[in-house]
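Consider the single chain below, provided in structure tokens and representing the form predicted alone.
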């Protein structure tokens, strides 16, 4: 295991040296990681971003688009032939159909290369022709992100943390009660091991459906062709000394195998090569879930950011330490579910919620930002009469009934501490407010030539993430 880790580090260093020495003679490449937890909107974000970079009429805050420096944009095959292509055309067709529908969520890693022909600005603008900048977009399930934190944990440490999180969560108490009657020192019985893994996985699914974010191991929720394999047949057990051949010893071995065969290759082959990163967060959904889900989101995002290697991609840094994330954007999605008058509050809550993680990245030298966005706008804003006076609402087509409805989610506090304090203290509910959410369907689109899909601040997000490289 140690030798394998050293070999991986040497390989990354050699790749870093090769990339650094050849980069002046090749087209620049930006590897943009798009991540977030379930239902944060990764697939829609990528689809709308690419569509709006190809038709840039709605991108005034992307400087290179506003000035006309981007001459054209086109898709190319991604350089990695072993990674599935992000199915951009199919997703765009779904979102722009006469009766649009939401695409399925991310279930595997995928990539897409968008190439931009950009006219240089400044002193070289008059003597240099357009150059090509490649944006390699890497999409991967957010559930896999939390697995990266397992690399620094032993089975005993993970078991203790997992059992602690289970208490008070949907299905968690049942699993804890089940494990209380299990002796981990007895000889391994495979049917019993399968029951424990299935019951633990069922608890993770229930917790995720209830809005909790930290539901690792992620492949338990998205097993793919690994379903039923020994590498996914383990679960947390009470910590003790496990004798050879026992249930506990085998679960410990499978946990290490999961890290070695599932988590490490993902980190080495994909995650560690990211240049710029956007973290999509469903803050409104977490607020609706209550103090416990909001605090769980805060803790999950802090653990996720601990897996990044943020910092400036200086020449010597690239050679000796490998690629580092230079910019990280924390984006609260579904801003179209709020009237624009509440967007500043949503952004402030996002900044406060991610303060622990953001400070860690800032300290390491990465440039970070937080904003509220909607990759695809599904609502229009209205002001309606209410018994307490005019009320700012949004109106859209409901996903379940297909009917138009006006929606007011509740007044977000101007001071984020009014939400974060009860969350940290473990309150059962919000004391003086009630927050609602609606599931809106995508609206039928009518676009002018040259316009991409409607959005909120997608252009501002793009300017932060890669505008400096265009």
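Note that the coordinates shown come from a computational prediction; the quantities given were computed from them, not determined experimentally. Residue numbers count along the first chain shown, from 1.
From this point on, the text means the form predicted together with a small molecule, which you will not see here.
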Which listed residue (266, 242, 102, 88) meets the criterion of a heavy atom within 4.5 Å of the small molecule in the predicted bound form?
102
Go through 422, 41, 33, 409 and name the one with a heavy atom inside 4.5 Å of the small molecule in the predicted bound form.
41
Using a 4.5 Å heavy atom cut-off, indicate which stretch of 209 to 217, 328 to 336, 249 to 257, 191 to 199 touches the small molecule in the predicted bound form.
328 to 336
The small molecule contact at residue 301 in the predicted bound form, heavy atom, 4.5 Å
no
Given that the small molecule is not shown alongside this chain, does residue 374 nevertheless sit within 4.5 Å of it in the predicted bound form, heavy atom to heavy atom?
yes
Partner contact for residue 378 in the predicted bound form: the small molecule, 4.5 angstroms, heavy atom:
yes
Taking the small molecule as it sits in the predicted bound form, is residue 347 near enough to touch it, meaning that at least one heavy atom pair lies within 4.5 angstroms?
no
